[in-house]
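There is one chain below, alone, in structure tokens, taken in the form predicted on its own.
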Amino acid sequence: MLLIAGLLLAGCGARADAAAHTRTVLAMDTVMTLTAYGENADAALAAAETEIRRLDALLARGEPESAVYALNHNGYLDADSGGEVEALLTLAAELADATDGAFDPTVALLLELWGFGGGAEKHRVPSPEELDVARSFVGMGHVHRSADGQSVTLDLPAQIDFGGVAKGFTGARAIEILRERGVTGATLDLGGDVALLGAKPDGSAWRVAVRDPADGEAYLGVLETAGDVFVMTSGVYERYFEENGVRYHHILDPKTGRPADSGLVSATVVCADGAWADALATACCVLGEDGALALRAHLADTTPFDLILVTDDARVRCTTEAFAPETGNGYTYELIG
């Protein structure tokens, strides 16, 4: 059993002829485990793996052959070399607007200053003057998409980083490929995030464990859910560095240019849309518990989602009764509407 941010717990009673077919993929700086059921599963998984690798190559900011690298260095990208980048930027603009800028892919210049991502990481604390300059190039107003959707221009030195949405976008595309090829039940472990398709072979609910951010060998509780959802987690506990006794994590607040200081350690989003689930998890970590709950209420009619929030004072606030918490781990749990 793998212990990850969201982990799939095995059920029992599955039919003997409903064998699981599995592939392991190294992509997007993580190990992904793809599992599908049925006679078409192997071929479908092969197609899903091909798509994951293609999108990884397209969206990797630090890879010189990627479309995102070309946009960040040339300030221009046409549809022939990055049509999906244009589509993702259109989606990112919607997400930035919906979250009041808590999610924004133009934070890449800030990430570079702090030494996060884009290749070899050399961490440091930037000066206030450096942050002020970098912040002036943060915002979707620096991204210009042509009216016909055929090209994108970028106000350099503004930079794009899709790290807050790429796994959700890619997972959704992989699920779509599996569905197109007749797979009726699948689980994608995207390296701490989970995508679920359809039903388990035995008809029971999927069970996803949510990791305890304070202990990588334990989990907070188990979410029981039907398929066709994404369980995406963002947290401040995996990528960070310390300097002069202060810990600095990689989830940056676009408005301050600094690591988010929202009182949240992690945010898990359960949503039917993979890209939205991924971006909303990041945005919630920036917004804090009250802001995250307000965002959920704001999007209730258009993009409904559930939340499992972990605060820095060991509280877990959950919006779904489908989450069964562990006991005796030092957390206090609250189910909220």
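One-based numbering along the sequence shown. Computed from a predicted model, the values in this text were never measured in an experiment.
Not pictured, yet referred to below: the form predicted in complex with a small molecule.
None of G257, G185, G221, G163 but one reaches within 4.5 angstroms of the small molecule in the model of the complex through a heavy atom, and that residue is G163. With the partner removed from view, the residue among T233, Q159, T225, S262 that has a non-hydrogen atom within 4.5 Å of the small molecule in the model of the complex turns out to be T233. With the partner omitted here, the stretch from 245-253, 147-155, 170-178, 199-207 that lies within 4.5 Å of the small molecule by heavy atoms in the model of the complex is 245-253. The closest heavy atom approach of L71 to the small molecule in the model of the complex falls outside 4.5 Å. The shortest heavy atom separation between L111 and the small molecule in the model of the complex is within 4.5 Å. In the model of the complex, at least one heavy atom of V107 sits within 4.5 Å of the small molecule.
Although the partner is absent from this view, A102 contacts the small molecule in the model of the complex, with a non-hydrogen atom inside 4.5 angstroms.
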